[in-house]
Every structure is written in structure tokens, then in C-alpha cells.
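There is one chain below, alone, in C-alpha cells, taken in the form predicted on its own.
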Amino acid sequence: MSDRQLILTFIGGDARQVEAMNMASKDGFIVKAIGFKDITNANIKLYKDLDEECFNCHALILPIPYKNRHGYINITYDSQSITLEQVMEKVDPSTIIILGKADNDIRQLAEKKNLHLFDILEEETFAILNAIPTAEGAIQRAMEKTDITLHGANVLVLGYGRIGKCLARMLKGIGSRVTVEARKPEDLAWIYENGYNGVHIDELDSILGSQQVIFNTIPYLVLTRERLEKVNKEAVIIDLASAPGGTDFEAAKELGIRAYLELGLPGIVAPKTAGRIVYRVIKEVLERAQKLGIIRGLKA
């Protein structure tokens, strides 16, 4: 089965999915979509609801994250409220599902129907490439919310994972005085090698008061009330960790510290680039599924 014979159905999403659909169509995939309006690409077949024909596909592509805060499928461009159960009851076992941020709900339903799930957020290619627009977006947010230049500013990056590494490199490139927090001795060694100031989390309290902008990438509560009490009241915190973030936002508000949880930045500040990253990973997943023999022929 060649790529050009594959049928992809997209349900919901934001501008990233629109870009991914356009690229898939351009590459010769047959593309169907639900939960979108004003799509100008005539090669994308739009459906108003969960028509049975939509589910006659090789791969079902759900959003990133696939659920919104109300628990419905994450649809940005339409007012529909579609539940996971409504989708899953129509999916044929021959279809693979590609989505972002799989949870126990969809894993359990997929297991019952013997469906193959692929979580884009667990794909290393996505994690690395998505760190770039995330870091750029975080810097953009910091520039919008401060009245100083980041050049010459004392900037702290909490965490030295993929996003932390991108952030530190970009911030140094624009002239920030960058301090990076890490736990592992090898990370601290690389931080030193790259020309940043390194600080172990156990010593974090001693440098909080001198930082003008703090970026958090650590997905657990690290900026506690006790630590926030040591933060400069003029500082700005940009938290990039998954909800609920790594900052005690209630304490920050009470202390008069500006703290912002910035989620989904790639889709907000660079949707075209982010959409191309999503599409690249979708193609990699499809190729892997084909090699594994997971993608099968459609029902007659």
C-alpha cells in the first residue's frame, strides 16, 4: 500500500491540523475532515457531523490535545460538542488513531476495540522539533509582558530538557544573562560547557531574588509559595509546563508576582511551522504502521 492510497480523517483541532491537512492533500493522501469551516482546499472533503463515510479511513487524526477543558473533542473552528464515546463507537478496528495527549479514557476504549493508538506527544521527533516554536513563543510572551529588553536581563530557565535547552540557547543568542537549573551532574556540566550559569535545584532559593524573567519547563510544582516569596516582585514568570504548571499561581497573585501559564504556544504563535511538524510526525507514524502491518485494507 503506497502513501497515495491512504485515507486520513481529521476530527477537530486548530491551525496546526489545517496546515497538516493541506500538506497531506498536497502529498496525495485522501483527506476527510470534521469540525472545520471555511477550508479553501477543494481536495479536502468536509463533513458536518459524524457521518459513517468519515470513518472509512486508514487513520483517524485527533487534535493535540485531543480533549478540550470541557472533556469534548478539541474542536476550534466549529461549535460542535463531540464526545470521545461518539467517535470511538464508529471507529473500525482496521483504523489506527493518531492523537495528542492520550489519557486513560481513550486507552481503555481503544483496548476494548483492539485499536492501535499513536500519541504524537510521545514521538521523539515531535518532542524535539516542537521545542523550537515553544521556546520562540515563550520568548515572545516574555517580551510582551516585560518593560525591559531580554538583552542584558537576568533570566532563569528551570529545567534542562528539550525546551529548556532551546530556550537557554536562544536567550543567550539575544544577549540574556542565562542561568539554568538542573538536578543531574551531567546536565550541570553541559550547562557550564554551553556558557550558561548553572544552579542545582537545592541552591535555587539563593538566586531567585536576582532574576528578572523566569521560564519554567518542569512539570511539577517547583515555584512554591516559599520560593515565590524570594522572587523579585518585578519579575515575570512564564510557565510552559503542562497544566496545572509548575507554579503556585494563587500564591503568585497574592504576592503580586506576574505569572502566566502559557500552553499550546506552537499552535498560537507559529501554527504553520507547528502544523508542518505535526504532519511530519503523522507521516512517520503512518510509515511505521505500514511496516508493522498495522494498517490494513478498508471495508468494501
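Small disclaimer: the values here were computed from a predicted structure and weren't measured. Throughout, we count residues from 1 along the sequence that is shown.
Quick note: we don't show the form predicted together with a further copy of the same chain, though the next part is all about it.
Participant: Counting only non-hydrogen atoms, choose the one of 198-206, 84-92, 162-170, 219-227 that falls within 4.5 Å of a further copy of the same chain in the predicted bound form.
Facilitator: Partner-contacting stretch among the options: 162-170.
Participant: Evaluate residue 146 for contact with a further copy of the same chain in the predicted bound form, applying a 4.5 angstroms cut-off between non-hydrogen atoms, and reply yes or no.
Facilitator: Looking in the predicted bound form, residue contacts with a further copy of the same chain include residue 146, since a heavy atom lies within 4.5 Å.
Participant: Residue 246: heavy atom within 4.5 Å of a further copy of the same chain in the predicted bound form?
Facilitator: Residue 246 lies outside the contact set for a further copy of the same chain.
Participant: With a cut-off of 4.5 Å between heavy atoms, is residue 272 one of the residues that contacts a further copy of the same chain in the predicted bound form?
Facilitator: Close contact exists here: in the predicted bound form, residue 272 approaches a further copy of the same chain to within 4.5 Å, heavy atoms only.
Participant: At 4.5 Å between heavy atoms, is residue 194 in contact with a further copy of the same chain in the predicted bound form?
Facilitator: No, no contact at 4.5 Å.
Participant: Using a 4.5 Å heavy atom cut-off, are 132, 139 and 151 all in contact with a further copy of the same chain in the predicted bound form?
Facilitator: Result yes, every residue of the spot touches a further copy of the same chain.
Participant: Which pick from 127, 189, 117, 174 sits with a heavy atom within 4.5 Å of a further copy of the same chain in the predicted bound form?
Facilitator: Exactly one residue meets the criterion: 174.
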